[in-house]
Structures are given as structure tokens and as C-alpha cells.
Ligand code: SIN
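Take a look at this one chain, the form predicted on its own, written out in C-alpha cells.
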């Protein structure tokens, strides 16, 4: 069955059909998926195409087709047999211990931008989903940049944001994990290394604009946050069991939404290492 790509929203996201993720993609199929990824930034592989369910080995193998699989520093939430997989879950074992990271990403962000080499891509696979809620919302910061006025584009030229963590954005980090991190600077507008298109690069981990007074810095970051979150740049994904969604952290921000915690939401996430944003 040939690969089919159907756009899901005006600025971002497409659904991919015809890709058997339970097996190694052929070179032709991988190239089609890769091209769609660069064009749409978020790709959805619906659960009906995953027969049987995507195994951890195949999940990691797909991730590695795009680059180096990262090991997240929150090792307390790694898959027991596959450290490349970070478990996102509100479930608990028989002793009451959390099965994974709960309440992850309930704010607009791009994955691990608080490091020198933020994640290039993320792959999130749904094992269990609640009957309603628990959606993930994505926004194209590439489309958001394109929509900026010429004055704003000129104002942002050359500015850099300071990225880091705090106890609000990272409550599950231990003291030791916090100590292993430092603040990093990234450009407020980054150039995609493959498409060469520009995108706004901010999110919840962007704490300030380097070299600017606090009021001016806060004003810029708040404006950009509101601008990137406009509905015309968004795609909202309502999860089904065995969906896989991958997204390009170089030009996408995302956040998770709430759900009734009496239901289980259990997901596996992998990421691909990125380069230094420029």
C-alpha cells in the first residue's frame, strides 16, 4: 500500500496512511515520511494501522531512522528495559509507585530546550488513553514567524532567549538532576537546518531575553507566546489507543491538556538528538 499524506490543519500536521510501523520502513517509504515531516512538522499515524501494537524495539528503531536516540535525564521514569523510552503515565504499580511521569508538559514548550542541543524530533506512542480529554495541542512556530509584521521580525533579529528549568516547569526533577543543568541561550528566531525556513523559538523554558531589561524581556516573551498560540497555527490531537504522533521541535510548540484521573493515560516517548540552534 503506497504512503498517503492528508493535511489535518492549514498551518501544521498531516495524517500518514500506508506505513507499516511494526516493520522496518523501506527506503522509499522512509523518504516519503521524512519529506512529509519536513513539510507538515507534525505527523499522525493512527492506531488502526498498528497491527499488532508498536513494540518498544520498533518504536526505538523508527526513532533511530531520524537520528541519534536520546536518553532523557529523568531516569526514574525510563522504561525498565529500554532507557530510550520515557514513560508518561498517571498509572501506579501495586505498591503505589508512579509508573511514569505524570502531568508532563501542561504548558506550551518545545522539548528540552533547556539544553545546549535540544531534541530535534519527538515520537509519542499511546498505549492507554482516557475516553475523553488528554489531548495534545501543537502549534507551528514557523507559520507564526511568517505571520509576524516586518517590524517584529526586525525587532527579533539577533535576540537570544535564556532557557532553563524551575520548580514550576520541572517539579519531578530531583535536586541532583537540577544541579546537572545550567542556563543556556538560544536565538529567539532559529533557522531550520534542513528546510532553511525560520521559526520562533520560545516556550515555557524560555525565561528571559538576554541583555534586555526585565519589563521589555517579559513583554517580548508574552507577545510571542500569545502569538504562537493563535488558533490558526494549531492542530489539536485527540488520542486513540496505538496512535503514534511525531513532531519537529525545531518549529513546533505543544502542550498536554487535562483529563479525568480515574482513567489511565499511558504513553511512551522517544526523542532524537538535535544540533545547536542557529
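Since the structure is predicted, the reported quantities are computational estimates derived from the model, not experimental observations. Numbering follows the first chain given and starts at 1.
Beyond the structure shown, there is the form predicted in complex with this ligand, which is absent from this document and is the topic of what follows.
- The candidate spot formed by 16, 33 and 245 lies out of contact with this ligand in the model of the complex, as no residue has a heavy atom within 4.5 Å of it.
- This chain is displayed without this ligand, yet in the model of the complex the stretch 103-111 from 103-111, 181-189, 194-202, 125-133 comes within 4.5 Å of it by heavy atoms.
- The partner is absent here; in the model of the complex, the one residue of 88, 121, 144, 165 having a heavy atom within 4.5 Å of this ligand is 88.
- This ligand is not shown here, and in the model of the complex it never comes within 4.5 Å of any heavy atom of residue 9.
- In the model of the complex, at least one heavy atom of residue 256 sits within 4.5 Å of a heavy atom of this ligand.
- In the model of the complex, this ligand lies beyond 4.5 angstroms of every heavy atom of every residue of 197-230.
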